[in-house]
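Below sits a lone chain in structure tokens, taken as the form predicted alone.
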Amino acid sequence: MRILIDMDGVISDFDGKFLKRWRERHPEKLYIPLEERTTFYVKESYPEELQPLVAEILLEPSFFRDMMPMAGAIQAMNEMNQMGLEVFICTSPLNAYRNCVLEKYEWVENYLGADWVNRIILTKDKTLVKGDYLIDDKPDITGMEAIPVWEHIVYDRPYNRDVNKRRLDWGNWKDILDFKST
């Protein structure tokens, strides 16, 4: 079984890092708590006049490298690996990728180890990647393939709760993927 796992907001805490930096740099400005977000893209959650400040944070050095892991993600991925599953990190870089790409690799090496670096799939179109499941927080995955070969399992976040698909968090992954606790 091949499991594709998104990175930002699924195994690394994208929103936590963004909100921390936003509050440090712009304490006087409006911020949108994660529980109040209604859109996948954090930039779209903010008024147009604040969007350049959002982009500035996302593009600055160390943003991707310094994210913390999502609770339970590292343990779950290592358990999947120990069970003999084919597990790959399937992540999309920002269009302005200068820091993003390198730092995603550094993050994986730091938190999962050098062997996991060989399991990174960087793509702007996840529909082209073969797998049984894609675990992703993005509500709707679109691309060249109208019907991907994988089943989209939604990683539960406030901005995707209106999506009617199987939902996973790192506490219930064995139940959702039909693995019983050992």
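Note that the structure is a prediction, hence the values are computed from the model and not measured. Note that residue numbering begins at 1 and tracks the sequence as displayed.
The discussion below concerns the form predicted in complex with another copy of the chain, not included here.
Residue in contact with another copy of the chain in the predicted bound form (any heavy atom within 4.5 Å), chosen from 119, 37, 43, 26: 119. Checking 28 to 36, 111 to 119, 134 to 142, 56 to 64 against another copy of the chain in the predicted bound form, the stretch whose residues place heavy atoms within 4.5 Å of it is 111 to 119. Looking at another copy of the chain in the predicted bound form, residues 101, 106 and 125 each place a heavy atom within 4.5 Å of it. By the criterion of a heavy atom within 4.5 Å, residue 72 is excluded from the residues contacting another copy of the chain in the predicted bound form. The closest non-hydrogen atom of residue 149 lies within 4.5 Å of another copy of the chain in the predicted bound form.
Put simply, residue 50 is far from another copy of the chain in the predicted bound form: not one heavy atom of it is within 4.5 Å. Contacts with another copy of the chain in the predicted bound form, taken as any heavy atom within 4.5 Å, map within 1 to 23 to 2 alone.
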